[in-house]
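One chain follows as C-alpha cells, the form predicted alone.
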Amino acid sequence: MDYAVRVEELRKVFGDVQALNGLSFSVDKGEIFGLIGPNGAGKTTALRIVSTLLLPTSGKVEVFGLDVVEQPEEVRKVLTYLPEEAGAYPNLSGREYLEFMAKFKARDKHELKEFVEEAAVISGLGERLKDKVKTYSKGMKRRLLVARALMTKPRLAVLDEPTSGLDVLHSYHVREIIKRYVKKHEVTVLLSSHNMLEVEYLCDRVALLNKGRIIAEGAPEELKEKFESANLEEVFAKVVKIA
C-alpha cells in the first residue's frame, strides 16, 4: 500500500535524553492521524523530523515515498508545517501576511491570488483580514495560521497542537476548519495534541505516545472498545499502567 507517511524505528537522542525510542507508524492518504500524549512524549520531535526540520538519530521516514533525510527539498514541496508556537508579523494586515507567505509557493500572480482567497475562506476572518495582526485575538491569529498552512492545498499538512491555548469556541472553529478542508480537498493531516478528547473527535486514527514510543494505536472507537473506556484519556491511563 502507498502511504502518505511511513515511519520505521525512529530514534532521536538529544545528549542524554532519548526523545524518540523506536517509533513506527504509517499514515494513509487522505486521513487525519493524531500523535497524542502528555508534554514531553516526543510528539513535536516526531513532527519536526517528518517535516525535515530535524535529522533523526536513526530510523527511516518517508513522505509519499520520499526520504526526509535524502530528499528533504522534494519533501518540502509536498507538505506544510504549522508549529505550536507559530506567529505572524504583527504590523502586517492579515491579508498582507497571507500574500507574503503565499509568495513562497505561488508560481505566478494568478496562483498567489487563488491561495490568498482560499485562505480568506478557510480563516473565516472576513473584513478583519484588513486589520493588522497585532489587533487579533489569539484565536483569530490561530485561524489565520491554520489558513496559511492549508491555503496551498498541500498533500500533507503537519500541525503541531493546532488549537493550543484556545478557548472552547475557537478550538471548535479550528477543528471544523481542518475537518471540512480535508474532506473537500483530500489533504492528509498529521497532527499532535495533548488534548485527547479533541483528537478523539478530529482524527481517523491515533497513536498514543509515552516516553518516546507508541503504547497503543488505532481508531478512537476501536481503542475505547478494546480497553473498555469511555474516552481516550481513560485508554491512555490504562495503557500506561500496563506498559
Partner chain sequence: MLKGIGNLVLKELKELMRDPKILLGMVLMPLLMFPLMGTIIGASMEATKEKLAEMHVLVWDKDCGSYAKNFTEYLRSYGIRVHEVDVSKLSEAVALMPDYNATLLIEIPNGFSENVSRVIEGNTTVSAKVEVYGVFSGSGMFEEVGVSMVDALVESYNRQKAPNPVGVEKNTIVKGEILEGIDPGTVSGLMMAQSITMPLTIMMLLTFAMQIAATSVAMEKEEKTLETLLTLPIGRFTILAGKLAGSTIVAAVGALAYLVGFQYYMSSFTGMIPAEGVDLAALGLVPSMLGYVLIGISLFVSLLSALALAIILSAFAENVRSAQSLIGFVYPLIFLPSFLLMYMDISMLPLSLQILILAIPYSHPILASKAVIMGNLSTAVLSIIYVSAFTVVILYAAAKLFATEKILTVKLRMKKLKIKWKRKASTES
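Rigid core here is just the name for the largest C-alpha set that superposes within 1.5 Å across the two forms. Numbering follows the first chain given and starts at 1. As the structure is a prediction and not an experimental result, all values here were calculated from the model.
One more form of this protein exists, namely the form predicted in complex with the partner chain; it is left out here, but the text below deals with it.
In the model of the complex, the partner chain lies farther than 4.5 Å from every heavy atom of residue 205. Looking at residue 97, you'd find a heavy atom of it within 4.5 angstroms of the partner chain in the model of the complex. When contacts are judged by a 4.5 Å heavy atom cut-off, residue 139 does not count as touching the partner chain in the model of the complex. Within this chain, residue 69 is remote from the site of the partner chain in the model of the complex, having no heavy atom within 4.5 Å. Taken together, 48, 52 and 77 are fully in contact with the partner chain in the model of the complex: each brings a heavy atom within 4.5 Å. The contact with the partner chain in the model of the complex, taken as any heavy atom within 4.5 Å, belongs to 101 out of 129, 116, 101, 150.
Contact annotation: the partner chain lies within 4.5 Å of heavy atoms from the stretch 52 to 60 in the model of the complex, the single such stretch among 187 to 195, 52 to 60, 24 to 32, 209 to 217.
Applying a 4.5 Å heavy atom cutoff to the partner chain in the model of the complex picks out 85, 86, 87, 88, 89, 90, 97, 100, 101, 104, 105 from 84 to 105, in order along the sequence. Comparing the forms between this form and the one not shown, the C-alpha position of residue 134 differs by 2 angstroms or more, with the core used for superposition.
In the core-superposed comparison between this form and the one not shown, the C-alpha atom of residue 92 has shifted by at least 2 angstroms.
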